[in-house]
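In what follows, one protein chain appears twice in different forms, each by itself as structure tokens: structure 1 and structure 2.
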Structure 1
Amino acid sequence: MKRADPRVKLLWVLLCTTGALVFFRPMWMLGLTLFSLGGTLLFGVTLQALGRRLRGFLPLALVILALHILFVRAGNPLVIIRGYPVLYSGGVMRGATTLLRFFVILCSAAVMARENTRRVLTALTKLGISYLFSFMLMIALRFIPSFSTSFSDALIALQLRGVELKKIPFGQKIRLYKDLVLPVVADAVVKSKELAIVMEARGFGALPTRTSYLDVRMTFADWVLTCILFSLGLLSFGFYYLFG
């Protein structure tokens, strides 16, 4: 499963992310979450690596849950203070569903982040997708951690200059983060220019067709897994639209 064809992983990711967008009932989202977690472990992502990714999104997840609890007034009141209901069952259920949706998307990202970029490009090309489009897609995904690294380096540079972020008031900290956006974007522009120069120097796009020394082939196990995923996807979405 760890060396499964990238096309199998892309199909799994497609099913997970589509289900995360389509399913709204908590029990369906719980089932999709278990399916995503099982696939993530089978594709070679450890619980420790997944936990490190989840820790980075934990504050955002808690904020989203709090917003749903405070502002969604649906369902039965669960907590009533001085005759005023402050917590509804609908808010808790929607908040939990949103958190599960984030978890599914993070599982999909963890699996694809572990895959070799060249294997993914070759697999997309074999699916009939233009190599230029596939290359741009992979470069865009590569720039996401680049933004995070640049922002982290900018914060470290401020701390080395004696700025104590923990002692800065929240309002000033927000303005500080806003001022860091420009140098981070400028660093990304510089990296993109360097990448363009390297691509041009290596003759990218000089010929209408492109060959690759790396080849990916679907094994018998990959075809079996593909059929299983297709069947599960058709059954799940069919039952959801009929009985969900």
Structure 2
Amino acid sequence: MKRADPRVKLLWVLLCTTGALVFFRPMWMLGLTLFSLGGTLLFGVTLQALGRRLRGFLPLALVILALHILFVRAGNPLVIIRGYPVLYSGGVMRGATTLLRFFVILCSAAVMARENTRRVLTALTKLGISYLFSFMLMIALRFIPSFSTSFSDALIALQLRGVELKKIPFGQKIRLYKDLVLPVVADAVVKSKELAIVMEARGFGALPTRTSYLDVRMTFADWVLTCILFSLGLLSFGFYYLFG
């Protein structure tokens, strides 16, 4: 399944992310999480790679969990301190469901990040999505890391000039970041302009159509997988609305 057609992976991502948005019951979310994890591993993402991706989101996930536990007052009280209930079963369940939702979305991102963007681009074009739109999407996704690199470069440059970020009070730090945003955005604009010039110099948009060197073809296994995913999607969403 590692070499599955990008369209199959896109369908799987669509099912997982739609489920993550639709399912609110914890058991359904747990089922979706196991389905996502299984798919992620079958599509060739290693547990280590997934772990690395999760580690970055761990602080945010913990904050979300804490907020749910503290502020959702539904279900039975689980912990009562001096007659005041501080922890409810509903809060814990809601927090856990939200964490699983995050996990499912990260699994989808991990699978798509492992796929060659050119294959995705060709697959999207074959699905009837305009090449221009798909290409713009691809370029935008490639720009995000370069944007964060520019920002961290600017921070390093500041520190090399003697500014100790750790010692600056929070308010001043926020002002500093605000001042850095403008040059970083300006740098991104310059880069995008250079990119547009290079693309045009290589004939981008010169003709109303274009050919594609890379071709993606659905194999028999891809069709089987697509049918399985479609059936699974229809069944699970149908069941959820009828009996969930």
Partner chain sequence: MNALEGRQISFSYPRHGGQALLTNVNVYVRRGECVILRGPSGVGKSTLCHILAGIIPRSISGQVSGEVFFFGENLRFLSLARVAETVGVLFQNPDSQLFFPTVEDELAFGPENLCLPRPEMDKRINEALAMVHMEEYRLVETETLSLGERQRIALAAVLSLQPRILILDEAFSQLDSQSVSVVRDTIRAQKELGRAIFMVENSEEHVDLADRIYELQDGQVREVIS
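Just so it is clear, the structure is predicted and the values come from calculations on it, not from any experiment. Sequence positions of structure 1, starting at 1, serve as the residue numbers. For clarity, a rigid core is taken as the largest C-alpha set superposing within 1.5 Å between two forms.
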Self-check item: Structure, 1 versus 2, that is the form predicted on its own
Solution: 1
Quiz item: So one rigid chunk twists against the other between the two structures - which of 134, 50, 67, 35 is right at the hinge?
Solution: 134
Quiz prompt | Rotational displacement of the minor rigid part between the two structures [degrees] | solution = 7
Quiz item: By how many angstrom is the Cα of residue 157 displaced between the two structures when the rigid core is overlaid?
Solution: 4.0
Quiz item: With both forms put on the same core, how far apart in Å are the CA positions of residue 190 between the two structures?
Solution: 3.2
